[in-house]
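Next comes just one chain, in structure tokens: the form predicted on its own.
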């Protein structure tokens, strides 16, 4: 979208595409491609430690479940700007949407490689094979549709770069349809990531097994989305030497604070109601991970409690990092720590699995940097009032 009086129009950041940092990211991506090729040729057992007791591994939990939640900045800003009509946050929409589109695309790609018979992936979309009553079917369809919707939402950015203003104005008359879908679809599949665990019943420890899992996953993903908006804005401010939008990010911090309060109330009210809090006081790995998960909620809540602290870039950044870590730990707890498939089974990710996951992260960051340098995604830096006009 074009800029307003309050915010300059987005502009390409420019600069060199080949730097020591981008070369390093490219090397990580190439290592991931090597192990992916090995997996495709020799089978998933050649690179992965998953087994019959633990049929999902790091590619499923970290790349998909956690990766999709960390990519909810687009959903978070769509709710703020288009549903609640908070236009002052518009400058954050494009970078959040771009990060979400890359994050979701790579998360879905990682799931493809996690399939045992990956060549049959199309079965989930074919009526003859589709299981319409399956939570995983809903996840696959909604996530695929959401990825398509996000890239459609991003097309005005490309049109701006190509000077297709007339076509963009015509396209934006219908953009509200995709914005609506862009809110509905992630709400559906993010809550379904929690629903998928509900059907596991007693295999999930009572500290995490609850009918409220869909709600908890939805609140958590929105909190992670707002955290990532703050994180991305802070990092791009430093990386591209741009001024930090402190006032706007402070307001985002206030929204994040209320999501944290809602999550804590729902989490502990559910535990008390079900009488499931006792295992939290039994010494062991699960109780330790439970308290780490909740301490990581308390830290950003403390840092965001007062307006003065929300105005501090350092405290905002630390709060965003802590909340992102909390969402990561919560999902690891739900899918790993709490999961008990019976005696004799264990899982720990192999080095190739870890390198593939790191490679996907590197690909996302590298792609984001390249697109931001070439396309009008971030608001153009405002000229200094003391700078002389160009001759």
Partner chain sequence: MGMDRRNFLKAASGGTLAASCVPSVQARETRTMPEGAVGLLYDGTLCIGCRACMAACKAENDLPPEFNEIEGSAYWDAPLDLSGRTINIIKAYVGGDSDRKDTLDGYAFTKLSCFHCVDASCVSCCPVAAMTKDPVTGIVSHSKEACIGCRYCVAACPFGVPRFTYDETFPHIAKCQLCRHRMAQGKFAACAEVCPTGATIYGPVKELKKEIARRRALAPGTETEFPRGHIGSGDTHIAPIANYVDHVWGEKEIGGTQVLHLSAVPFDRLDKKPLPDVAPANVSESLQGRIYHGMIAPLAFLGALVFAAKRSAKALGEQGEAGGTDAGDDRKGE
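Positions refer to the first chain, counted from 1. Just so you know, these numbers come straight off a predicted model, no measurement behind them.
The same protein has a further form, the form predicted in complex with its partner chain, not shown here; the description that follows concerns it.
In terms of non-hydrogen atoms within 4.5 angstroms, which of the given stretches 284-292, 129-137, 299-307, 100-108 touches its partner chain in the predicted complex?
Of the options given, it is 129-137.
Spell out, yes or no, whether the shortest heavy atom distance between residue 45 and its partner chain in the predicted complex is within 4.5 Å.
Contact check for residue 45: yes, within 4.5 Å of its partner chain in the predicted complex.
When the contact criterion is heavy atoms within 4.5 Å, does residue 192 count as touching its partner chain in the predicted complex?
Residue 192: yes, in contact with its partner chain in the predicted complex.
Is there a non-hydrogen atom of residue 87 within 4.5 angstroms of a non-hydrogen atom of its partner chain in the predicted complex?
Because a heavy atom of residue 87 falls inside 4.5 Å of its partner chain in the predicted complex, the answer is yes.
Would you classify residue 163 as touching its partner chain in the predicted complex, given a 4.5 Å non-hydrogen atom cut-off?
Flag for residue 163 set to no.
Are all three residues 41, 196 and 200 in contact with its partner chain in the predicted complex, where contact means a non-hydrogen atom within 4.5 Å?
Per the other structure, all of 41, 196 and 200 touch its partner chain.
Name the single residue among 159, 271, 147, 179 that comes within 4.5 Å of its partner chain in the predicted complex, judging by heavy atoms.
For this set of options, the contacting one is 179.
Select from the listed residues 266, 115, 167, 280 the one whose heavy atoms reach within 4.5 Å of its partner chain in the predicted complex.
When its partner chain is considered in the predicted complex, the option within 4.5 Å is 115.
Quick one: which residues from 200-235 get a non-hydrogen atom within 4.5 Å of its partner chain in the predicted complex?
Heavy-atom contacts to its partner chain in the predicted complex: 200, 201, 202, 203, 211, 212, 214, 215, 218.
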